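We begin with a single chain expressed as structure tokens, specifically the form predicted on its own.
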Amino acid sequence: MATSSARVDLDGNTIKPFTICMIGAGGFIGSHLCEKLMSETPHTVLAVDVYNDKIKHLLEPDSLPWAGRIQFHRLNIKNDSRLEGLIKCSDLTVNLAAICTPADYNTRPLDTIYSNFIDALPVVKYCSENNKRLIHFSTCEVYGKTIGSYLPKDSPLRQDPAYYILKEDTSPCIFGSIEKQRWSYACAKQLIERLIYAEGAENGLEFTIVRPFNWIGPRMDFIPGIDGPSEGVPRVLACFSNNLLRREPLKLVDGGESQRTFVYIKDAIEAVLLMIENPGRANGHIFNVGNPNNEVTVRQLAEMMTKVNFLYSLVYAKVSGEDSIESPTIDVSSKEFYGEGYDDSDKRIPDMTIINKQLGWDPKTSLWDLLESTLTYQHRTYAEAVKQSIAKAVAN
């Protein structure tokens, strides 16, 4: 484990241990960030969430090297008066809490707006009033649609990066009409960003805003009812993972022509740690955190995942005796898949200029490698879930 004397920031200053209140610590991103902080830093984490399944390995047993540096606080930030006390006794608050499942934007727009704006208000308020630094997780969805998507389909300007590369300080946030409730999430996230920025400008709040671009890796929700919500439709990679594991066709919404970039969770967590330990370089900034080199259409993603799954199955089939099959794709409409009111962005390609300049961060992991790592983990988790399900059935 690293010691405080061994760690210096990007400007050569010694990094002193401090306390972090991490809201949403039990989720996908939070669990990886907790791991990083425990294994490589001397910092203390007050882990706030309603579930701790994904960080149990960090909490038990008491003989772990970081015992005493991570404390789990089971609370819901909506209605728990203990939250302000936890923020007060911390040096930094990292807010990861949110409803961020695409199907919910349509079917639960009120919950989505409340979760991402109303519930975040006290966090911002407590940080501002108590002079505590805040790192708030937003989303690449705040950009909405690109300027290029409004050009004629045959316009050569669609290929001009100025019309589709997303920049924190210059790109507009373009959403669909009000009846397209898919934008309830993006709009709530944009408004809380504007509130945080205003608190910084008017009341001196020290803040950093993170805009993740499809962070992928082990422990991301993918099995409904086991490590994710039992209802609703998860994000694209989780959907495809479930289809592959259950040997079902991969559904391509509106032909799978939307373009996305994907970044490995361990690369992204490196960026977050740089923000945490370099406040002088990170405060007052909004950072895109993605990998523009890992750009694919959703259709291409489905094809790559099918290939990775097939290669894994060749090995798995030797053990299980099952025939490995290639999962075909089928096209479905967004209305059929997500319901009324769905809309989509055409491209999400991050500009990396600001984070590279301020923190010197660049992602390293290729799309193939991150898919291989993620799907291998998910295969093992799925096999264990099936095993436990059979054991329960036999016991009953």
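In this text, residue numbers run from 1 along the sequence as written. This is a predicted model, so every value here is computed, not measured.
In what follows, reference is made to the form predicted together with a small molecule, a form of this protein that is not presented.
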ask   = Does the small molecule get within 4.5 angstroms of any non-hydrogen atom of Pro102 in the model of the complex?
value = yes
request  = Determine whether any heavy atom of Tyr185 comes within 4.5 Å of a heavy atom of the small molecule in the model of the complex, and answer yes or no.
outcome  = yes
request  = Find out whether any non-hydrogen atom of Val124 is located within 4.5 angstroms of the small molecule in the model of the complex, and reply yes or no.
outcome  = no
4.5 angstroms heavy atom contact with the small molecule in the model of the complex for Lys251 = yes
In the model of the complex, segment of 238-246, 190-198, 150-158, 126-134 with a heavy atom within 4.5 Å of the small molecule = 238-246
message = Between Val272, Leu86, Cys140, Ile209, only one gets a heavy atom within 4.5 angstroms of the small molecule in the model of the complex; which residue is that?
response = Cys140
ask   = Does the trio Tyr264, Asn294 and Thr376 actually contact the small molecule in the model of the complex, every residue with a heavy atom within 4.5 Å?
value = no
